[in-house]
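Form predicted on its own, single chain, as structure tokens, below.
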């Protein structure tokens, strides 16, 4: 098998993996009563809590105007709060509420369970190799 064919096959596998992961993600989030974009916001905040509006918009690849509407809706659901930035009184940071942290914890557990299921047939060495190569891909894109 030539290099081009290997790349083509790998591309097909990546697309199939993405579609399966995306479908799973949609089904999990749909049962939570929030949108996928709202869940992604909660995930980022769960890791980087608190986050300035501008930084959060950058991490999500959206404008601050779009983020404002998103945060408004998350505030209405009591999942986040806007608070003055303790390091810069001119800006606001977004923090998860207790209810938001619980959404993050549950969703993170779903991710860990899915990951465990995906690598159930892997050896410890396979998991190390897969992690190493996946990190290279993530760092490249």
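This structure is a prediction, so every number in the text was calculated from the model and none was measured. Numbering follows the first chain given and starts at 1. We call the rigid core the largest set of C-alpha positions that still match within 1.5 Å between the two forms.
Only in words, not in the display: the form predicted in complex with the DNA, which the text now covers.
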* **Options 42-50, 96-104, 110-118, 63-71; stretch whose heavy atom lies within 4.5 Å of the DNA in the model of the complex** => 63-71
* Run the contact test on 29, 32 and 81 with a 4.5 Å heavy atom cut-off to the DNA in the model of the complex and return yes or no. => no
* Asked: Does residue 72 move its CA by 2 angstroms or more between the shown form and the other one when the core is aligned?
  -> no
* Cα of residue 122 displaced 2 Å or more between the shown form and the other one, core superposed? -> no
